[in-house]
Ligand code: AMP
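Before any questions on binding or motion, here is one chain by itself as structure tokens, the form predicted alone.
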């Protein structure tokens, strides 16, 4: 069975065929660095990471670009509130994002281009769009994309074009607008006093770029533009959350294809929202959790990663702290099971399990079934320990739970002393004392199991 992925543009499962035989170009919309990302944002990044890992697992060389939005209305607003320069303010939250990325075991992108480093490329694209009649200069000097010049506008979001033409009469200078508000969007924003000292002097005048144009500039420069000049490649896959579909990705398509005259992206892939009490998690609603909030509640970042794997990426998922805690406990048990296996990587990957794993993952990254298969493998007594170990490691190349980096767990000295006392009590057939000591061990967060090879201690 070949890899099939759901393409938002066609609303269909499609066989994945990259534009180049052995390599894949992948673009992911990254964070706007004005605050700590919430865990709903990280659903998009973990989904993108799982896709990337599986493509690599299948033997593709993946060229992955993720942008960093370090210039927009929110970064300017909040840097001013903090009394910091834009660069100082955004550098802090960029570094915090990288820390979170590493805690979630997300493989770093090949490049993280910053919007402020691509002003020249954006200006070049905007000037070409004006020249081709797709953009116009307003009375205040701002530049807007005229969506009526792009007949395909609305196809990604599957919005009726006739309604778009009726509504697309206003101009929207804000970086974001409501899903029902369809208007010409800003490519370049003329300087406004509220921008303070954040501006660039360019051939377009004094000002700064709009939000949408940055992704076109970065993706074309890093993934699409050939060294010969005006020859452009289509990108294989572009990912993001469903909230990016409209207007952001719709606008990316319009400006990119109007500029290059070629298809912008072959496969559009979007993950669903993470809900809290049935509502979208967002900073504007104040119903969000950061990774730090989860850690404070005793939930590990990789426990959160495992929890996300229990739902398909295209499924609306409701956040529940109790189920998150359960997932974290499950991860601890997975680690325990792995540590109990022979510490020898010379086993053989079990091909029956591997083929089933590939079958599930080829079905639009069906992680719930693939994860259930992992647990089936863990409990299967017919698989030799060494083979089980290397098969788990093979699967974890996609799951990203960090099995290969697990270190031996250090049991506290207090617990080990109780285990020794209990072992001595058992040798003397003092079963009552043995039970008392077992209970004490449990209160310290550990459990002891009696096996033919002696007592085995593990976290509860």
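Computed from a predicted model, the values in this text were never measured in an experiment. Positions refer to the first chain, counted from 1.
If you look for the form predicted in complex with adenosine monophosphate, you will not find it shown, but the lines that follow are about it.
For the chain shown alone, residue 155 is not a contact residue for adenosine monophosphate in the predicted bound form, no non-hydrogen atom being within 4.5 angstroms. Residue 422 falls outside the set of residues with a heavy atom inside 4.5 Å of adenosine monophosphate in the predicted bound form. In the predicted bound form, none of the heavy atoms of residue 113 sits within 4.5 Å of a heavy atom of adenosine monophosphate. At the 4.5 Å threshold, heavy atoms of residue 244 reach adenosine monophosphate in the predicted bound form.
The stretch in contact with adenosine monophosphate in the predicted bound form, judged by heavy atoms within 4.5 Å, is 267 to 275, chosen from 369 to 377, 267 to 275, 324 to 332, 127 to 135.
Out of the listed residues 294, 223, 309, 281, 281 is the one that sits within 4.5 Å of adenosine monophosphate in the predicted bound form by at least one heavy atom. For the partner-free chain shown, 38, 40, 41, 43, 44, 45 of 37 to 60 come within 4.5 angstroms of adenosine monophosphate in the predicted bound form, judged by any non-hydrogen atom.
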